[in-house]
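Single chain ahead, written as C-alpha cells, the form predicted on its own.
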C-alpha cells in the first residue's frame, strides 16, 4: 500500500470557524485520519509546514502583503487547492472595507495605527492563485466537507448541489418567512448547504453560503421593495458575510 495523501490546512484572515469544522466531524474524523495524512493543521497539530500536499484546504481572505505572498507558495506545493468558507471564496465580512477609507478605519479602531499593516481590500484566494474547488459557507457545512474530501480521494467531482436555500426550506416543511411574515430573506438567491437553518427558526436567510448560480438578485430586491424595504435595507441585506461576492456586491451597489 502506498503512502496516504498528505493534507494541509491553512488559515489566512478569518475566524477559524471553517477549519474547525474538520474537528467537528467527530465520528467521521477517525475515518478521515485513516484515509489521509493530516500533515499540517495548526489548530490540531504542531507539525511544521513543509513539503508537498496532495490536498490543501485554505480558509480566510487575503488582507496583508504577507498573505498575498504565502498563498503562492501553498499553491506551488499543492496538487489540489480547495478554498473553504465565505472569507476564502468571496473575501468574507472583512471585505466590507473594500472601497472605503481603510486608513480612517484604522485610526478610529486602533490606539497605535502605525502598528497595523494591511491591504486596502480583502480578496478571495482565487483572485491570487488558481483554485481547484470552492466550498461555500460561513461556516462550511460538516457534511459538505466530508463529501468534498471523499470525492477528492476518489477522483470524482463533489456533490454539492447548486440550487437555492429555498429548496432545502421546502423539503424541511418550513413556512416561507417572506410570504407568511414579510421577513426579508436571501433564500431565493443563496447557495444551499446549511439546511435552511435560519428559516427553520422563523428568521430570514442571511446569505451565509453566498449567491447560487445565476442568482436573480434584481427580482428579489424588487420583491423586498414591494414589501416595504428601503434601498438602505436592501443594501445592508446584501452586504454581510458574502458582501464581495459579485452578485451580492453588484446588487448592493444598485441601491446606493
Partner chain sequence: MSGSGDPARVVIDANGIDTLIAILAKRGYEVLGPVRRDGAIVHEPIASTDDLPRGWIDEQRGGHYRLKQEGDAYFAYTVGPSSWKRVLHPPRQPLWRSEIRDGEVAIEAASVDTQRRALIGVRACELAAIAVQDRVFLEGPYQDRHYAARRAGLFIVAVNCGRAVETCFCVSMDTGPEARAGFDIALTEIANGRFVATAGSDDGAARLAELPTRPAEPSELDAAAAAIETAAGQMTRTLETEGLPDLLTSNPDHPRWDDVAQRCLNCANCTMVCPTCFCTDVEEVNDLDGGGAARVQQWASCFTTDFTYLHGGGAVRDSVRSRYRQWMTHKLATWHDQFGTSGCVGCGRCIAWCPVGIDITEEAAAMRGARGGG
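Residue numbers count along the first chain shown, from 1. Since the structure is predicted, the reported quantities are computational estimates derived from the model, not experimental observations.
If you look for the form predicted together with its partner chain, you will not find it shown, but the lines that follow are about it.
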{"query": "Of 74, 96, 150, 129, the one that lies within 4.5 Å of its partner chain in the model of the complex (heavy atoms)", "finding": "150"}
{"query": "Proximity to its partner chain in the model of the complex, single hit among 81, 138, 164, 135 (heavy atom within 4.5 Å)", "finding": "164"}
{"query": "Proximity of residue 212 to its partner chain in the model of the complex, heavy atoms at 4.5 Å", "finding": "yes"}
{"query": "4.5 Å heavy atom contact, residue 173 and its partner chain in the model of the complex", "finding": "yes"}
{"query": "Contact test in the model of the complex: residue 154 vs its partner chain, heavy atoms, 4.5 Å", "finding": "yes"}
{"query": "Partner contact for residue 223 in the model of the complex: its partner chain, 4.5 angstroms, heavy atom", "finding": "yes"}
{"query": "Location of its partner chain contact in the model of the complex, chosen stretch of 23 to 31, 65 to 73, 203 to 211, 49 to 57 [non-hydrogen atom, 4.5 Å]", "finding": "23 to 31"}
